[in-house]
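For reference, the chain that follows is the form predicted on its own, supplied as structure tokens.
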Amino acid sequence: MDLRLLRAFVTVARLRNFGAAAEELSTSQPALTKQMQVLERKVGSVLFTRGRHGARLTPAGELLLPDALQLLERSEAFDRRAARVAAGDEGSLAIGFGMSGIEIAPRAVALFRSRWPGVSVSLDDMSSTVQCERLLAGSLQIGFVRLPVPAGLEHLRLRRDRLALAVPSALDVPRDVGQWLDGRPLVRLTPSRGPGLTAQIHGLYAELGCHPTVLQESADLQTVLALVAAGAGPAVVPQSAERIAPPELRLVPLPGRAATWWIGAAWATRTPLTERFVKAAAEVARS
């Protein structure tokens, strides 16, 4: 149905005068009369009777007027909501984060939600590799990933992370940590769960000239930390995991150029929503 015809119908019904309605609609009276004739042919009924007292709704017009009003109201509501979505006041964001984003990502989501409560935000844990794949595929809008990112993605550096040795608080770690680690059984995250972290750790081992062995694996970082706290053995983890570590653990920063990397927010498509979220993430990172 042509909304222009419905709007003309509603205006004539309200003003009960074709001349006044034509003036309000910024059209001529003959053009308005033609619009009403087109609408009457569409609905198969006469909508108005015209006389000395102006235009009056017929019984068919009385019955159809509420439906016309409802359709116009829904159309205007659609236009208002579309404008809010286009402006970034409403919508949805799918956010991904990996182990390095375990502290910053939830805080960024909380800050964003406090400012834009009309936006639905999902937050899911996945590796940087999976995040980048989903960003490029369009099923994820923002990722907290290990930098650099592949071609096709934009990014903003947020903060550095580094590798640290998680040990029970009472355990002393000597200064020559490379020698101390060589041949030592360690708890570790399953490589498939964090391929970027695994590559980072192997690069550090090569730099330090050590070859630790694997005591036990877990697909969950919190379980790795719990195993260390239970005395199973040390583990090499991101320093940012300190936020979720049990109180009986301490994280000793590891030396070496290979021990550090950048974490950033990445996205494939720039929209008002992604821009606002990235600004919130940058604010959290600065704090």
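Being a predicted model, the structure only gives us computed values, none of them experimental. Sequential numbering from 1, following the sequence displayed.
Same protein, other form: the form predicted together with another copy of the chain, not shown, and the subject of what follows.
> Which one of G231, P59, P30, P247 is close to another copy of the chain in the model of the complex, taking close to mean a heavy atom within 4.5 Å?
Result of the distance check: P59.
> Considering non-hydrogen atoms and a 4.5 Å limit, which listed residue (S218, Q222, T260, S45) is close to another copy of the chain in the model of the complex?
Among S218, Q222, T260, S45, a heavy atom within 4.5 Å of another copy of the chain in the model of the complex occurs only for S45.
> Mark S169 yes when one of its heavy atoms lies within 4.5 Å of a heavy atom of another copy of the chain in the model of the complex, and no otherwise.
S169: no, not in contact with another copy of the chain in the model of the complex.
> Does any part of S92 reach within 4.5 Å of another copy of the chain in the model of the complex? Heavy atoms only, please.
Yes, S92 sits close enough to another copy of the chain in the model of the complex that at least one of its heavy atoms falls within 4.5 Å.
> Going by a heavy atom distance of 4.5 Å, is H211 a contact of another copy of the chain in the model of the complex?
H211 lies outside the contact set for another copy of the chain.
> Is there a non-hydrogen atom of S75 within 4.5 angstroms of a non-hydrogen atom of another copy of the chain in the model of the complex?
Within the cut-off, so yes.
> Given that the partner is absent here, state which listed stretch (22-30, 62-70, 234-242, 252-260) has heavy atoms within 4.5 Å of another copy of the chain in the model of the complex.
Contact criterion met by 62-70 only.
> So which bits of 76-108 sit within 4.5 Å of another copy of the chain in the model of the complex, heavy atoms only?
Contacts from 76-108: F78, D79, R81, A82, V85, A86, E90, G91, S92.
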